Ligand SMILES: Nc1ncnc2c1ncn2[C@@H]1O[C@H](COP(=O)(O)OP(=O)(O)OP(=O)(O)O)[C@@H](O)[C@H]1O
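Read the single chain below, which is given as structure tokens and is the form predicted on its own.
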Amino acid sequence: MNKNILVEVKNLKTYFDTDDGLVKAVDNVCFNVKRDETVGFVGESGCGKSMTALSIMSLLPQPRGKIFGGTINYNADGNVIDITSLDPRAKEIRSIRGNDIAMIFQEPMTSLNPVYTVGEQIMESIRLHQKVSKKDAREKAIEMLKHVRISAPEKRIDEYPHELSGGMRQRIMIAIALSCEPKLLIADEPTTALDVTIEAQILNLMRELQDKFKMSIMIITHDLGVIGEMTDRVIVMYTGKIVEEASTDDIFYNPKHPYTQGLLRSIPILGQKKRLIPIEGSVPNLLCLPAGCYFAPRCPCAKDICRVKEPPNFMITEEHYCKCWLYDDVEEVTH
């Protein structure tokens, strides 16, 4: 495994065994996250973005969720650990989760415990992973509140989540995630329900903290504006599969997959008066997926082969991959 790669996901299959059948939430997904890199995951709701993140964290909903195949290799300073081989309740994964790999969850009000002060919740994470006294943990918690730009941290540390605004609760979530200085931060919709001013502050804060702690970031969002501002590379997901992967510039200025092009056409542009063009139809039920390419029923460029045979991954350039039959004249790759 390349020492510059922090996390390498290979052929990941995360399925849910439901009463109605097997739901393939993440199906044969491959990607990597390099050190000090920011990777964005985009796609409609239900396409597998959050389930990919929860698979890496080994936090799948139990007992239905399970990894049926593939590997998630975490490169812990040369010592490669396959997260899929560890019991989700075992000491080994708990030493990685929250310490080396941390996550900011989508909704801070439901992620924070309402009966504990925010300081107690930050301190819990610190004391769980670091052998420090309660006094030292409190000092570290106050320091983290300063890092995330919360005013009067000595006072705020003893307040409860309901006493804080949405933006401040999101900063608390970031403080908890960064309290042990992780190597990888997974941010699942970190700016949901925030106004544009607070959103800009949170994104600027994440960039500053990334530089300070030298960490990699996986950012999951529906907001392509956030993707364009924050990321180095973008992974586009649809029905549990990666359909396109490229640098952020390539995704915005040279998108190849019709789905990616559709997502970009639906972005409002300041000063542009023409109507947005939505993607027709909706994401198919994962229990009743169509034959061939799953996007074919909604695709304006679909060919006959698209409806009968799933496309492989085609390499457009050395760092640009697209899962679409429109590019069957270029090299096919296993990545």
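The first residue of the shown sequence is 1; numbering continues from there. All of these numbers come straight from a predicted model, not from anything done at the bench.
In what follows, reference is made to the form predicted in complex with the named molecule, a form of this protein that is not presented.
Just one of 222, 127, 156, 94 comes within 4.5 Å of the named molecule in the predicted bound form, counting any heavy atom, and that one is 222. The listed set 51, 39, 29, 57 contains one residue whose heavy atoms approach the named molecule in the predicted bound form to within 4.5 Å, identified as 51. Here the marked residues 105, 202 and 229 all miss the named molecule in the predicted bound form; none has a heavy atom within 4.5 angstroms. Among residues of the shown chain, residue 282 is not one whose heavy atoms approach the named molecule to within 4.5 Å in the predicted bound form. Although the partner is absent here, residue 266 sits far enough away that none of its heavy atoms falls within 4.5 Å of the named molecule in the predicted bound form. Taking the partner from the other structure, the named molecule in the predicted bound form has a heavy atom within 4.5 Å of a heavy atom of residue 23. Taking non-hydrogen atoms only, residue 33 never approaches the named molecule to within 4.5 angstroms in the predicted bound form. In sequence order, 44, 45, 46, 47, 48, 49, 50, 51, 61 are the residues of 38-72 having a heavy atom within 4.5 Å of the named molecule in the predicted bound form; the partner itself is omitted from this view.
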